[in-house]
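The chain below stands alone and is given as structure tokens, in the form predicted alone.
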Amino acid sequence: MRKMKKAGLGQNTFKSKLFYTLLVLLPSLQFLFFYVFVNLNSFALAFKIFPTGIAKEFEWGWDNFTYWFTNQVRNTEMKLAIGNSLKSYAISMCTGLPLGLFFSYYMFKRMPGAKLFRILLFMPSILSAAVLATIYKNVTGLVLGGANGLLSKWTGEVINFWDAEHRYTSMMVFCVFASFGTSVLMYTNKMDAIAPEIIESAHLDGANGVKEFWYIVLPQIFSIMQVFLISGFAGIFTNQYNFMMLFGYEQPDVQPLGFLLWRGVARAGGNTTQMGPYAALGLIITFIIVPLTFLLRWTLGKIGWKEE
């Protein structure tokens, strides 16, 4: 009897291991192929130097890295791009995150107009980013602004949302609005999963709406907030903030570092000999961001809310 139990236990263990192996096999292969294998060439390219300009004739060295620390460290365009990336992330976190939480809680409580807000805020997820950017530019440029715009007629002066003074603000308003689709969807789903008994118990103890949000809702959804905070920070220097769709190709005063990196690769036109510096820049960004991202994750785990 004991032998039969041991045999059954061993069989179950084997089946469990086989099931787990098959379960993680596909995502593991996807990670190895679409990240490791694809980026191996980029890693190597960062250390390749092409003195003759021919792709097959190269040397190994650090010139692609020193290029950024010698030639570009005082480049005004580079400084502006880094500053725009940092400022854009700060604006997204300081405005998009609290507004997303507010609208999600508003819809969670089924307050007046909640269904309308749900439609408007889910629009970025329904429409493609290119279509949404086109609609936004037409509305701000023709309907609200411009010589015949509603705001221009109301204020008595011509308002151009896309001139040098206003275009960065217009870009960030669009980026914050476009971010609501995914965040509000995940926040509301997590809030709807909160047991009604917990909310009722808090109300019986005298909790008002503010205390309910702070002591009950936020701890329950903090894990989702962590995802957005960490993923947003990890892409702080690679996020293009819909720049190409809003401005086209050139607007140096408002372009983020992610667009500067993309533009450099695009200008290379597939010429491997000209992509080395940008591969090196990608590694530099990685070496800076990865440890800071882990530090942020550890910090949020220490100071954040706990569901229990």
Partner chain sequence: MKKNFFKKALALALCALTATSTVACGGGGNEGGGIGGEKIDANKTQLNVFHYFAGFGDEWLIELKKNFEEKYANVSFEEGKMGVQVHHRGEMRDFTPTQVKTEQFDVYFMESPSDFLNIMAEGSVEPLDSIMETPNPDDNNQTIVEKMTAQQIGFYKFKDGHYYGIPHYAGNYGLIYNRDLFEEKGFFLAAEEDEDGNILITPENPTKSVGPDGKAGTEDDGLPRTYDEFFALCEEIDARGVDPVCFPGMYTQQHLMLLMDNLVANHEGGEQIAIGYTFSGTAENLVVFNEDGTVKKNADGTPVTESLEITEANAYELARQEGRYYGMQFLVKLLSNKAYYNEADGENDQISHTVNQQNFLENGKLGLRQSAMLADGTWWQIEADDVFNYMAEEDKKWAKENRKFGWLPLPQATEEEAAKIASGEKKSTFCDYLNAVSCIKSGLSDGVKKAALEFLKYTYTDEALANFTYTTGTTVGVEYLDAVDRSRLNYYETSLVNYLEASDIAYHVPGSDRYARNIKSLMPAAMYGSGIFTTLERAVWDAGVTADEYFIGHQAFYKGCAW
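These figures come from a predicted structure and were not determined experimentally. Positions refer to the first chain, counted from 1.
Quick note: we don't show the form predicted in complex with its partner chain, though the next part is all about it.
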- prompt: Considering I119, A164, L204, M111, which brings a non-hydrogen atom within 4.5 Å of its partner chain in the predicted complex?
  reply: A164
statement: in the predicted complex, the residue from L80, M186, L101, L229 with a non-hydrogen atom within 4.5 Å of its partner chain is L80
Proximity to its partner chain in the predicted complex (heavy atom, within 4.5 Å), stretch among 236-244, 33-41, 279-287, 49-57: 49-57
message: If we define contact as a non-hydrogen atom of the residue within 4.5 angstroms of the partner, is T76 a contact of its partner chain in the predicted complex?
response: yes
query: Is T182 close enough to touch its partner chain in the predicted complex, meaning at least one heavy atom pair within 4.5 Å?
result: no
message: Even though the partner isn't displayed, in the predicted complex is P252 close enough to its partner chain, meaning a heavy atom within 4.5 Å?
response: yes
is_contact(K137, its partner chain) in the predicted complex, heavy atom dist at most 4.5 Å: yes
